[in-house]
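Next up: just one chain, as structure tokens, the form predicted on its own.
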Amino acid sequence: MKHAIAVLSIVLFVLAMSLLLTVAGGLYIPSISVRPLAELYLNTTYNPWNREFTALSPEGVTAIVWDYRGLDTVFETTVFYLAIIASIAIARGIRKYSALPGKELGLSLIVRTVTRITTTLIVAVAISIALHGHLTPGGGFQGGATAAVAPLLILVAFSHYFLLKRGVSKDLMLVIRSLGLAGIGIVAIATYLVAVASGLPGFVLQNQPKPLSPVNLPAYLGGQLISGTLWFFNIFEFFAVMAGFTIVFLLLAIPERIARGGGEK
């Protein structure tokens, strides 16, 4: 009876919400005008005819995240990094452990074979999301989060020990994450350093030329649009986020008996 009431409640809730959204959607009259702030973004995110007032990125969200409010994004990345450090600190008392000898771990052969294929596709898609984040929806965070699904699937299908035997550990991921965060910091001040070296005014997190500072990182690489700093930010953010989530997954996958100091047997 309890289960029947729970299912009926869920069904009624879904129907009520569907009806509400349908009615509300039918009564909603979209406006053809945009607010001044939105108009500013639309006119400046990609405007190759006015290089002093553009992020030179067709992807407005990436332009806003890494250019218009770039300092805020750097601080958010730093907070995420500190959260990962806190997770590692909590687990610092757990000793290292290696693969169990003579035991077949993980799920069935079919599952593991499918996982090998799937993880390859996931990584390929994740890299594409990161590399094209300045052109199409996506970016470094989205690509890194997608790539982190691959080690998560391997943890489930093959076990934690499978990754450890191949050198994929939280220590390695912490190094990759630290390098990613360092890369973001370097890109953030790169244009400023170029300006200082040239004897010109410059700004931290500057992407394209500004009225007071005519320096910028290259907007094109080999004839392909990379939007200056945005492409580099996405690459380093990809590695930082991928490694960060992987660290969390590795820590969560530690067997309870080992976390409590009971050993591997």
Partner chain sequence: MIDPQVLVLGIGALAALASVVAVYFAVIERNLVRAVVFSAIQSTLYALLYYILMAPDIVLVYVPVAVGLYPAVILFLISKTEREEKP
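As the structure is a computational prediction, the values presented were derived from the model and not from experiment. Positions refer to the first chain, counted from 1.
Keep in mind that the form predicted in complex with the partner chain is not shown, yet the notes after this line are about it.
A.B. asks: Would the partner chain in the model of the complex be within 4.5 angstroms of a non-hydrogen atom of every residue among L71, L121 and A190?
C.D. replies: Spot residues vs the partner chain: no contact at all.
A.B. asks: Counting only non-hydrogen atoms, choose the one of 109-117, 164-172, 141-149, 191-199 that falls within 4.5 Å of the partner chain in the model of the complex.
C.D. replies: Heavy-atom contact with the partner occurs in 141-149.
A.B. asks: Although the partner isn't part of this model, could you tell me whether G185 comes within 4.5 Å of the partner chain in the model of the complex, counting any heavy atom of the residue?
C.D. replies: G185 lies outside the contact set for the partner chain.
A.B. asks: Looking in the model of the complex, any heavy atom of V156 within 4.5 Å of the partner chain?
C.D. replies: Taking the distances in the model of the complex, the answer for V156 is yes, it comes within 4.5 Å of the partner chain.
A.B. asks: Can any non-hydrogen atom of V61 be found within 4.5 angstroms of the partner chain in the model of the complex?
C.D. replies: Yes.
A.B. asks: Would you check, heavy atoms only and a 4.5 Å threshold, whether A126 touches the partner chain in the model of the complex?
C.D. replies: No, no contact at 4.5 Å.
A.B. asks: Of 1-20, which residues get within 4.5 Å of the partner chain in the model of the complex if you count heavy atoms?
C.D. replies: Contacting residues: H3, A6, V7, I10, V11, V14, L15.
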